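Single chain ahead, written as structure tokens, the form predicted alone.
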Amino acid sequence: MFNKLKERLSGFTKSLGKQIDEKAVPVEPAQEEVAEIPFVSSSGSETEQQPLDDTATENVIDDTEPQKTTVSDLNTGTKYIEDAKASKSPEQKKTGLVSKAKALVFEREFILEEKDLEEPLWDLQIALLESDIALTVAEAITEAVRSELVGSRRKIGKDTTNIVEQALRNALYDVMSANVFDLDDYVRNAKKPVHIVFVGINGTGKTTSIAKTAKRFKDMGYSVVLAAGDTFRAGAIDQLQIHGDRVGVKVIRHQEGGDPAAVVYDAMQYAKAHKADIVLSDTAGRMHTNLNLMEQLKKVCRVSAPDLIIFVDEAVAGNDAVERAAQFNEAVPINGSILTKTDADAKGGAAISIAYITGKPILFLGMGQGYDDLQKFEPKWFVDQIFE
């Protein structure tokens, strides 16, 4: 999953990481603070440390020579000479050496200027476009990376590519989490029955996604009714009926060629009479350019006003899916999207772009053919898959 996108982003992180490494300069080790040692008189009482006068500087010990310190035992009065350097324990010496080595080898910092990022960010934008990420989204991601890296002074460790990867992670997460909607919370708190209409073009897995959603809600303890509102396509009603029987939910259907608005209306009346929690309405697959079918869809929404409209398309469709989502959103405002065949998507562009372009969240990802292969969309999980 997302193999092509992973490959392109990996190349960018390594390239820019190398550039950061070349720009990095050693950081001067911080000066160790010397704690003030109180002066102890021969009587054993502690007094304030006296500042040195001009004449006292002559007595300052040159630390290039071995330091000798006179130590008095206050109990016996015995005086003896001690080598200050020799008095340090082996552990103290080891700690001091490690600290200096760490400062010289690992503690470096870099400052990237605008010109340093011009070429790498152009390469990044091309990589994103080649991964079917929409132009406006690619621009937003590259600008976020630029803002995070340009002009900031940072200390770096051994692996500079981590800095670039984290900037990319942050940019992708911000784009994908700009519109987040928890369908489970909505259904839990909404007045019942909750009416959800599914829209999209033919062949993208819309009817199967309805069945998966019905199974998911049923497993959560809700009672679900399906409305076979796709009376236009031959076999669509029977297809939904088969799914309904398999997952164990009621299907309301009319004859092929009937009025889909009437089917959806009857499904809502059935749900109210039987105190069902959720009605999921199928509709005929259509392009936004088919004016008759779009008017039909608008009639369905007028007769039985939906609480939510969900757009369904294939993740593998890339920019085509992004364009269709935007067009459906203009014709019949959607509340969110389901992307099918995400497990077969090598690029990941549609998932990254749709929420940003439509301003509406991705709700679920289709991850296989089974009824349980519907995964709730989580931006963090998605970004982790790209960088795993």
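All residue numbers are counted from 1 along the displayed sequence. Worth saying up front: this structure is predicted, and the values here are computed from it rather than measured.
The discussion below concerns the form predicted in complex with a small molecule, not included here.
Peer 1: Using a 4.5 Å heavy atom cut-off, which stretch among 118 to 126, 196 to 204, 250 to 258, 140 to 148 contacts the small molecule in the model of the complex?
Peer 2: That would be stretch 196 to 204.
Peer 1: Is the small molecule close enough to 208, 233 and 343 in the model of the complex that each of the three has a heavy atom within 4.5 Å of it?
Peer 2: Every residue of the candidate spot has a heavy atom within 4.5 Å of the small molecule in the model of the complex.
Peer 1: So in the model of the complex, does any heavy atom of residue 285 sit within 4.5 Å of the small molecule?
Peer 2: Contact check for residue 285: yes, within 4.5 Å of the small molecule in the model of the complex.
Peer 1: Taking heavy atoms and a 4.5 Å cut-off, does residue 366 contact the small molecule in the model of the complex?
Peer 2: Answer yes; at least one heavy atom of residue 366 falls within 4.5 Å of the small molecule in the model of the complex.
Peer 1: Would residue 239 count as a contact of the small molecule in the model of the complex, using a 4.5 angstroms cut-off between non-hydrogen atoms?
Peer 2: Although the small molecule is absent here, residue 239 would touch it in the model of the complex, with heavy atoms inside 4.5 Å.
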